[in-house]
Every structure is written in structure tokens, then in C-alpha cells.
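What follows is a single chain, given as C-alpha cells, in the form predicted on its own.
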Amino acid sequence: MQIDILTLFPGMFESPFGDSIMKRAIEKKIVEIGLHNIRDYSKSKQKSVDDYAFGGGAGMVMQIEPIDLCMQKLKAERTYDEIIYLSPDGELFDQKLANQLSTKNNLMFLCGHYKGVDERVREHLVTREISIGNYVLTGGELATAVIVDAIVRLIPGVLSDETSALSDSFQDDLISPPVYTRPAEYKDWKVPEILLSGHEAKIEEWRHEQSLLRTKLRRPKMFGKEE
């Protein structure tokens, strides 16, 4: 998978993509990530990429030209399945969307800043708008890192145990059941006996019951979707 990210602050991705699973996925060339500084496409001497909003109001707006020039260059190199703008009012990101995006070949992400981008970017240049929650961040970089992480871990070959992702929370519209490891008893806190029984069918039944219970308690709006 090729992922290209348009940003004003490429350095913000060094840590999220420089460790753990993301680092290994990049090193194994399962995913290639390109970071593109939008300022490099500004035609002004100061490399400015923002200006005042027409009609007045507080805050600056990212200009369309540098964004368009950067996108044109990248689109000349490959065809993108989606060009995604991170926006607080975009569709809410969830596991189902992560699954869908993980099957794509080429994705482009646009990270906004200030009061956002010129509306013509949203009207003519992007194909999808996504939000990771009903709140506002200082920019789209952190949201992009979250989405890319959720997508990449689903690509075959990224996780050492490929079945692990299939049992994640939300994959079947349920929250994952509780998990335990050694020791079986710690400070009189004991692991449920069923997990030590070795009876696979009963263990799976217990886990499903626990998933149903947790979903009902913690995500009541989701409860019942699996039926």
C-alpha cells in the first residue's frame, strides 16, 4: 500500500511511524509512506500557505493553490483510491471503515490547519472527509496518524499473528472480552477458572458472553447489531 500525506508539519509523523508495528510494516515494505510538505508548493517568497478569510472573521485559512499543486504532482505518479481530508465534521471513523480502507492500494491524506482549508479543496479535490471524533485538534496530523495505524495493522503480513486483528474490538460489532496471563493468582486476584479449564468450547462461550456484556454496558448503542 502507498500512503501519501500532505502536511505543514511532516516532523509530527516521525514518532508515530518510527516505532513498533508501523516501523516494521515500513521496513518490510508492506506499506510505503510519503510525507509531503505543502509549503514546498507555495509560490510566495515566504512560503506562506494561508491567508485571511474572505468576509472577515478570526483565524487563517489554508490556500487552495499549494494543496492543488502538490496533489497534481502526486496524481501524475499514481491513481488514488481515496483522497481523504481530515475534518471535525467528516464521517466518523470506525472499524468498518478501517477494514474498507485497508484493502486499497493508494491513499492520500490531507492534514488541515488553522481554520481549515479553502472550501474549494473540499468541493473539488478530495473524495472523502473523515473525523476521528466530535472534537477539534490543532491540525489533522494526529488524526491521520490514528487512521493510518488502524488501517496498516489490518494489512496481511503486518501483524505476526494475522488472526489477532480478527478478534479486535468492533470487528464483529462487539467489544473484546477480558484477557488474562500468568500468574493465575496475584494478590488473591484470580483468573476465572473457566480460562484454566482447557475446555475450548466453554471458553469460547464464556468469551462471547463477556463480549455481549461489555458491549451492552459500555457501548449500548452498538448492542444487538451482531444479531
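For clarity, every value in this text was computed on a predicted model and none was experimentally measured. Counting begins at 1, following the sequence as shown.
Just so it is clear, the following notes concern the form predicted together with ligand ADE, a form of the same protein that is not shown.
Ligand ADE is not drawn, but in the model of the complex it has a heavy atom within 4.5 Å of residue 133.
Within 4.5 Å of any heavy atom of ligand ADE in the model of the complex lies no heavy atom of residue 117. For residue 148, no non-hydrogen atom is located within 4.5 Å of ligand ADE in the model of the complex, even though that partner is not displayed. In the model of the complex, residue 125 stays away from ligand ADE, with no heavy atom inside 4.5 Å.
Proximity to ligand ADE in the model of the complex, taken as a non-hydrogen atom within 4.5 angstroms, holds for one residue of 71, 121, 101, 143, which is 143.
Exactly one of the stretches 71-79, 101-109, 84-92, 148-156 approaches ligand ADE in the model of the complex with heavy atoms within 4.5 Å, and it is 84-92.
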